[in-house]
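Single chain ahead, by itself, as structure tokens, in the form predicted on its own.
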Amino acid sequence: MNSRRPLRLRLPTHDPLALVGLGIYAVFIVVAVLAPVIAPYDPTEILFTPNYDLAADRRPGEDGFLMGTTTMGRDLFSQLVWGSRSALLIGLTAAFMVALIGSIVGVVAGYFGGWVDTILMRLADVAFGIPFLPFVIVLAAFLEPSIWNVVFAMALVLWRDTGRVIRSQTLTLRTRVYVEAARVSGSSDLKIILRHVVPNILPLSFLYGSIAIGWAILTEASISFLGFGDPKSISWGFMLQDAFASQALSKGAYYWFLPPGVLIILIVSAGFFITRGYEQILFPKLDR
């Protein structure tokens, strides 16, 4: 590896599951962008039948509702569509923050070493010692309920994995001949980092960012199901919590809680499929 040939991302055409994961993400992105067009109703709107009766607990297809309605008369299909926007907003934002913080910490620790490395890695040890989901729940309980609590919590804790891996990669990069040559020629540390180190660690940052997307979506669904989510934001976790509170299972309303559960599984699995595909590209020795 040298400065003229940094690690580059390419489509994992060798891995069908990774391509499936990318396809799933593409579909969800399209649905999220076109949510106002696809969803027939506002997800929080209380609907009524033509006879002015509350459209509550309607089954799929009944009174023209594609997937039925909730006990409060809200359209489930619209909530499912708008939930994709919340999921991707949380997932992508959290992934960006985790990858950014982890990459900065890893590069600084690995490049400068010494007391800087010691302090940053001890902070990573502290982050590893924090139980993630209880930490998010406590944070959400003390702060105003918001989807950004999930992003904030992930940024505070989950950078640890990215930081460790990026640090290890940086430790090898800083000893390369071209880095030493740049240092001898008088290049500043900042210039060396931006020109020779960062281009080679970006694919690893992307790899761990894709893992963070799934974690963020799963975490938001978990805290929303437990009642600590943002009540003003419609998400798949909110749908599951609403279904649980309304005893949808005892009513046999599988159309209420199965779709959001399946979508959560799909989008989280897609992230791990993509990660697996790019692992084989970035670390070809794994196949040996």
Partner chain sequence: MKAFSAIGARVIQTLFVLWAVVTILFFLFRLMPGSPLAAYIDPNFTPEQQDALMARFGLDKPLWQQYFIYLGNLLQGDLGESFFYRTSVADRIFALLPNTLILTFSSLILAYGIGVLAGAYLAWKRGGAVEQIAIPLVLTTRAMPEFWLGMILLAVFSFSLGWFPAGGTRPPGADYPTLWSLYTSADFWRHMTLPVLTLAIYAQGLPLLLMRSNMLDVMKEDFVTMARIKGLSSYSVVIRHAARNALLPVMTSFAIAVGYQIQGNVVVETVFSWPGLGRELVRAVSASDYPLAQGAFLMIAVVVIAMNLVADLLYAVLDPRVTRE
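The structure displayed is predicted, hence computed values, not measured ones. Numbering follows the first chain given and starts at 1.
Only in words, not in the display: the form predicted together with its partner chain, which the text now covers.
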Want to guess which of 141 to 149, 106 to 114, 182 to 190, 203 to 211 is within 4.5 Å of its partner chain in the predicted bound form, heavy atoms only?
141 to 149
According to a 4.5 angstroms non-hydrogen atom cut-off, is Leu194 in contact with its partner chain in the predicted bound form?
no
Proximity of Phe96 to its partner chain in the predicted bound form, heavy atoms at 4.5 Å
no
Would Thr44 show up as a contact with its partner chain in the predicted bound form if we use heavy atoms at 4.5 Å?
no
Are any of the heavy atoms in Leu240 no more than 4.5 Å from a heavy atom of its partner chain in the predicted bound form?
yes
Full three-residue contact with its partner chain in the predicted bound form, heavy atom 4.5 Å, for Ala32, Arg58 and Pro231
no
In this chain shown alone, the residue from Ala153, Leu88, Leu218, Leu173 with a heavy atom within 4.5 Å of its partner chain in the predicted bound form is Leu218
Heavy atom within 4.5 Å of its partner chain in the predicted bound form - qualifying residues of 117 to 147
Arg122, Asp125, Val126, Phe128, Gly129, Ile130, Pro131, Phe132, Leu133, Pro134, Phe135, Ile137, Val138, Leu139, Ala141, Phe142, Leu143
